[in-house]
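Encoded as structure tokens, the following chain is the form predicted on its own, with no partner shown.
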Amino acid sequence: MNTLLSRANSLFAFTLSVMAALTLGCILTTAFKDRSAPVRLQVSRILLKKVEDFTGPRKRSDLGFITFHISADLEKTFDWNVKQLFLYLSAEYSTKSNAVNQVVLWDKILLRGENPKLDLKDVKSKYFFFDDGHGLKGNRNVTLTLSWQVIPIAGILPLVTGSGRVSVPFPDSYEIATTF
């Protein structure tokens, strides 16, 4: 005859096996889903300043300010296995000293249950857009891209890039304005 501890151990092991099988089933039902969505980005204002860089040898560096609009419908990205989305807008450009520069300008966490349709107007960059030199001045190809990280309840964390990108030229001169 089995003791109480032996029966509890068997019940616990069986419960864990069933829960592991259910979790694997949940992962497989959403693992191969296409989570991309069309994105519309527009830039309404670009401001470029030359400021002192306090992180290095006291040189002056470029600091860019961008005001933008974002329109995206992320409704099909959400399903029963998605807990939240981590959205971020990044800028990518090249300079003489660096072949690839990537800077995150803005981010947002979109929880399940919130409105998945984004229609944001006149949003200013949340983070500083510094270049370690003068790579922004006169740069003709700064590409803005909206991407998101899908945070599931169970499964892998896919990184998705929106289908809409916008390339903007930066001005050839610095602004003297004190406010943005």
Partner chain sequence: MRRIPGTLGDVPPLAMARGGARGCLCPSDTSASGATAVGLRALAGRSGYARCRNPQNILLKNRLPLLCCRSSPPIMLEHLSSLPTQMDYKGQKLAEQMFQGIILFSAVVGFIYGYVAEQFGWTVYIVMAGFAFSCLLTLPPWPIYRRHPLKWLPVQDLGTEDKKSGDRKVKRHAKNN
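Positions refer to the first chain, counted from 1. So that the term is clear: the rigid core is the largest set of C-alpha atoms that superpose within 1.5 Å between two forms. As the structure is a prediction and not an experimental result, all values here were calculated from the model.
There is another form of this protein, the form predicted in complex with the partner chain, and it is not shown here; the text below is about that form.
**Student:** Are Val100, Gln102 and Leu120 jointly within 4.5 Å of the partner chain in the predicted complex, each by at least one heavy atom?
**Tutor:** Judged in the predicted complex, none of Val100, Gln102 and Leu120 sits within 4.5 Å of the partner chain.
**Student:** Quick one: of Asp79, Asp73, Glu92, Asp107, which gets a non-hydrogen atom within 4.5 angstroms of the partner chain in the predicted complex?
**Tutor:** Contact residue from the list: Asp79.
**Student:** For the chain seen here without its partner, which of 62-70, 141-149, 24-32, 126-134 has a heavy atom within 4.5 Å of the partner chain in the predicted complex?
**Tutor:** Comparing against the partner chain in the predicted complex, the contact stretch is 24-32.
**Student:** Does the partner chain get within 4.5 angstroms of any non-hydrogen atom of Ile153 in the predicted complex?
**Tutor:** Taking the distances in the predicted complex, the answer for Ile153 is yes, it comes within 4.5 Å of the partner chain.
**Student:** Is Ile176 close enough to the partner chain in the predicted complex to count, meaning some heavy atom within 4.5 Å?
**Tutor:** Output for Ile176 is no: heavy atoms all beyond 4.5 Å of the partner chain.
**Student:** Verify the contact flag for Met19: yes if a non-hydrogen atom of it lies within 4.5 Å of a non-hydrogen atom of the partner chain in the predicted complex, no if not.
**Tutor:** Yes - in the predicted complex, heavy atoms of Met19 and the partner chain come within 4.5 Å of each other.
**Student:** Although the partner isn't part of this model, could you tell me whether Leu157 comes within 4.5 Å of the partner chain in the predicted complex, counting any heavy atom of the residue?
**Tutor:** Result no; Leu157 lies far from the partner chain in the predicted complex.
**Student:** Scan 125-143 and note down the residues that get a heavy atom within 4.5 Å of the partner chain in the predicted complex; none is a fine answer too.
**Tutor:** The stretch 125-143, when checked against the partner chain in the predicted complex, contributes no residue at the 4.5 Å heavy-atom cut-off.
**Student:** Does Ser10 move its CA by 2 angstroms or more between this form and the one not shown when the core is aligned?
**Tutor:** Superposed on the core, Ser10 moves its C-alpha 2 Å or more between this form and the one not shown.
**Student:** For Ala21, is the C-alpha shift between this form and the one not shown 2 Å or more after core superposition?
**Tutor:** Yes, because once the rigid core is superposed, the C-alpha of Ala21 moves 2 Å or more between this form and the one not shown.
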